[in-house]
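First, one chain by itself in structure tokens, the form predicted alone.
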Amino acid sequence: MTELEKGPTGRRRGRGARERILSASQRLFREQGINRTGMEQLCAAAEVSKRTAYQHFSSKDELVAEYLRRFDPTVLSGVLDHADLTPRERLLAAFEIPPTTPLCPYIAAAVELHDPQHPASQYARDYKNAVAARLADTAREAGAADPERLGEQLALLLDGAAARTRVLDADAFPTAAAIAAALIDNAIAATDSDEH
């Protein structure tokens, strides 16, 4: 039995191995990226053997896909479901992201993997489409003239602000929020003028 197969008291640590592997992947993939994180390092961080890791995930690709699958499946629910805010306020709240927030894991994975057929790339596409759709639903509630277009514009603005914040190491979200406010107000004003 290798040291990685033993727990702190020397007993096998089979129970919870899958969760420990996923927890280690969430930390290491976010901190250093998918490509720079090897399976040996993941196994050491999760305190499992490579054999155990491959019993739970047939490949690193499968692990990456599961890593992405575990992120917020409700798509911005923490922001867009606030009943105490107007739809316009909820749309703008989506831009209240601390600059220390790590880059969106879906963007990071898509950039690193370079393979549109990779299962993780599909999760990234599905998630990004769901974000735009969720923003469009809220834009519709706010009375936007073309909610799908506004949803797509706001999604693009969010992703751009996240990438720019990361690349420049400077908070781009306040500027993005100001642009978002103008887009939202123009979309709502267009509806108001169409009704008169």
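Start at 1 and count along the sequence shown; that's the residue number. Source: prediction; values computed, not measured.
There is another form of the same protein, the form predicted together with a further copy of the same chain; it is not shown, and what comes next is about it.
In the model of the complex, which of the listed residues (A163, A145, A44, A65) lies with a heavy atom within 4.5 Å of a further copy of the same chain?
By the 4.5 Å heavy-atom cutoff, the listed residue in contact is A163.
Of the residues A17, A176, A24, A187, which one places a heavy atom within 4.5 Å of a further copy of the same chain in the model of the complex?
The residue from A17, A176, A24, A187 that makes the contact is A176.
Would F71, L76 and E96 all count as contacting a further copy of the same chain in the model of the complex, using a 4.5 Å heavy atom cut-off?
No: none of F71, L76 and E96 comes within 4.5 Å of a further copy of the same chain in the model of the complex.
Residue-level question: is E89 within 4.5 Å of a further copy of the same chain in the model of the complex, judged on heavy atoms?
Close contact is absent here: in the model of the complex, E89 is far from a further copy of the same chain, nothing within 4.5 Å, heavy atoms only.
Considering non-hydrogen atoms and a 4.5 Å limit, does a further copy of the same chain approach E31 in the model of the complex?
It does: once a further copy of the same chain is placed as it appears in the model of the complex, E31 has a heavy atom within 4.5 Å of it.
Using a 4.5 angstroms cut-off on non-hydrogen atoms, would N129 count as touching a further copy of the same chain in the model of the complex?
Yes - in the model of the complex, heavy atoms of N129 and a further copy of the same chain come within 4.5 Å of each other.
Heavy atom to heavy atom, is E141 within 4.5 Å of a further copy of the same chain in the model of the complex?
Answer no; every heavy atom of E141 is more than 4.5 Å from a further copy of the same chain in the model of the complex.
Would you give me the residues of 151-173 that have any heavy atom within 4.5 Å of a further copy of the same chain in the model of the complex, in order from first to last?
E152, Q153, A155, L156, L157, D159, G160, A161, A163, R164, R166, V167, L168, D169, A172 sit within 4.5 Å of the partner.
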